[in-house]
Structures are given as C-alpha cells and as structure tokens.
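This document starts with one chain, in the form predicted alone, laid out as structure tokens.
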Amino acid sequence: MNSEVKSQTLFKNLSIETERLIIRPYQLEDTQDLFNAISDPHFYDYIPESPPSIKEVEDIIRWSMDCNNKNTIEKIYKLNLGIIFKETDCFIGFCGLGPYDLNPAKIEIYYGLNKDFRGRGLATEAAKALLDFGFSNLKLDEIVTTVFPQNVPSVRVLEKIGMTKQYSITNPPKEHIDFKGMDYYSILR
C-alpha cells in the first residue's frame, strides 16, 4: 500500500478509543447532533467565530470529509472529529487538529463539548487521546493552541494534558484581531 493510500485510509477510518469515548471522523448523520452541541447560547463565548446555522454545520461536515480525503501524515488540512460517549452511543462534541491560524506551519488542537457533558473530564480525555495520536501517529514535534484566560475550564484541560502557556497575544495581525487577549499554549513531543 503506497503512502498516500495509507494516509487516506488512516484519516477516513480513524477511530480513537478511550475508556469512555470513541473519537472518529464526522459523518453526515452527525449534522443535527453537532448543531445541538454548539447551539448553546454560551458555546461561542470564548470562540472568535459566530455560531453556524444547521446548513453551515452540514457544509462544515462535508468540507471536513473532503479534508480527510486530502490529509496525509505530512500535511493536515483539517482533522475534525466527533466525540461519541460510549455509554449512550451519542455524539457529544468535537475535537481536532489543524493548521494554527496565526502560523499555519504549526498544528493546533481544539475541542468542544455539549454543555450536558462538561465537568466530567471528558474534554481532557478526548484532548489527551488526540495529543497522543498527533505525536505517535502523525509524528508531530509540537502541538499548540490559544485560549482566553477567562475560559478557566479549557485552561484546566490544557494544563491537565501537559500544555504550558508561552505568552499572551497582545498585537495580532489585523486579520486575526479576535485573537487579542488569548494565551498561547504549546507542548513538545
């Protein structure tokens, strides 16, 4: 099996299993569940984007599936994954890896959970598994992310998975002004 076919199979058929979760690529059937997970009025309090419509969520899922056709171990376009709670077999959120907006040569980690599943350590479990996948399978040397310091639960997740704050973003480029005030975290393999 050549390297490109092996990479495509890896990303299309990816399944990361933890004690309580299955993390896998988005499927079109996830549209409503993903929309429900991110529709909480406070979900976007610390995300510099606007909440998408259900049609936009479907478009994101289709785009993510297309990215999985292009992703290779050498180049991640975007790896958006659904988080499934094994106990109930329900879709409870997302996580992923992709180019970091302020420096696309770096790969960032991100995650979000339906509000009904927060506070149970599930985001930490998913983020840790994804970090391990990035270092072990993708051979990444570093994984980064940004977070508003006021987002205390997310800061706790980053600290629990071993990421450390490097600096605060004070002067982002104009096209990324929404990052002003965020803290930059990283971890090395």
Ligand SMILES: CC(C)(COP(=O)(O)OP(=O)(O)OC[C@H]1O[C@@H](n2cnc3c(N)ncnc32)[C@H](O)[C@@H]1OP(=O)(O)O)[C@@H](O)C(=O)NCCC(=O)NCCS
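Quick caveat: nothing in here was measured; it's all calculated off a predicted structure. Numbers for residues come from their place in the sequence shown, where the first is 1.
As for the form predicted in complex with the ligand, it is not shown, yet the points below apply to it.
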Interface residue in the model of the complex among I61, L122, A129, L34, criterion: non-hydrogen atom within 4.5 angstroms of the ligand
L122
Which of these residues, V57, L140, M163, V147, gets a heavy atom within 4.5 Å of the ligand in the model of the complex?
V147
G112 near the ligand in the model of the complex, any heavy atom under 4.5 Å?
yes
When the contact criterion is heavy atoms within 4.5 Å, does F133 count as touching the ligand in the model of the complex?
no
Please determine whether L28 contacts the ligand in the model of the complex, using a 4.5 Å cut-off between heavy atoms.
no
So in the model of the complex, is the ligand close enough to F85 to count as touching (4.5 Å, heavy atoms)?
no
Near the ligand in the model of the complex, with a heavy atom at 4.5 Å or closer, the residues from 134-161 are T146, V147, N151, V152, P153, S154, R156, V157, K160
